[in-house]
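Next up: a single chain in structure tokens, the form predicted on its own.
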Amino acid sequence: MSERSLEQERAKHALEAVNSIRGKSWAGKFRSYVERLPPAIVMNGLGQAMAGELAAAGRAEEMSDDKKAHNKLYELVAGWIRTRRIYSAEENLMKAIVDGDQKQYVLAQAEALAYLEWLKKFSQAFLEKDKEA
């Protein structure tokens, strides 16, 4: 088995994620939120942007299409950062950000932005644009 580059790993994870979302009623909303998240991270930082996604996702018992899209986006970015082992694998992303050091935070933010480039490209390529967004 050949070894993949980090870029290939990001692309693979993002493509599998987008393929799992294709056909869902909230796919267009997901695409819109993916397009908006990188600028939010650059302007506000990873912690604020991800806390915003988490807040928009709301609680599990009230899952509208809008909330499902935000929740999936949060899970994918948090999952990718967990995969990169920047923080302890057992911690949830928000706790890890709050408890981690600045070096970890900068690395996690850079990794999130690199991953989101792939997720955004594949979302634009394979998911219909949301007519309401």
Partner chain sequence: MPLPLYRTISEPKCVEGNAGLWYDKFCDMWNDDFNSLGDNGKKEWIRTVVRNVGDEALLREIKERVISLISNSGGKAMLFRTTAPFVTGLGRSHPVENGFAWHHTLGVPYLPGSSVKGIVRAWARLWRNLDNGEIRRIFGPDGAGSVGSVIFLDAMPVRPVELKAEIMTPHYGPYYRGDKPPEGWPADWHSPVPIPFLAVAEGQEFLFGVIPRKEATQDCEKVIGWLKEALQEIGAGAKTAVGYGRFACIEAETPEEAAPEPMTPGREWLEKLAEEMGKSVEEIFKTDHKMLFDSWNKIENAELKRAVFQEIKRTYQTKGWWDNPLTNNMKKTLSKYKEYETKEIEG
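Numbering follows the first chain given and starts at 1. What you are looking at is a predicted structure, and each value in this text was computed from that prediction instead of being measured.
Heads up, the form predicted in complex with the partner chain isn't pictured, but that's what we're talking about next.
Original post:
Is residue 63 close to the partner chain in the predicted complex, meaning a heavy atom pair under 4.5 Å apart or at it?
Top reply: Judged by the heavy-atom cut-off of 4.5 Å, residue 63 is well away from the partner chain in the predicted complex.
Subject >> Non-hydrogen atom contact residue 28 with the partner chain in the predicted complex at 4.5 angstroms >> reply: Flag for residue 28 set to no.
Original post:
Any chance residue 107 has a heavy atom within 4.5 Å of the partner chain in the predicted complex?
Top reply: Because no heavy atom of residue 107 falls inside 4.5 Å of the partner chain in the predicted complex, the answer is no.
Original post:
Just to confirm, residue 88 within 4.5 Å of the partner chain in the predicted complex by heavy atoms?
Top reply: Residue 88: no contact with the partner chain in the predicted complex.
Original post:
Quick check: do 40, 59 and 99 each get a heavy atom within 4.5 Å of the partner chain in the predicted complex?
Top reply: Answer is yes for this spot.
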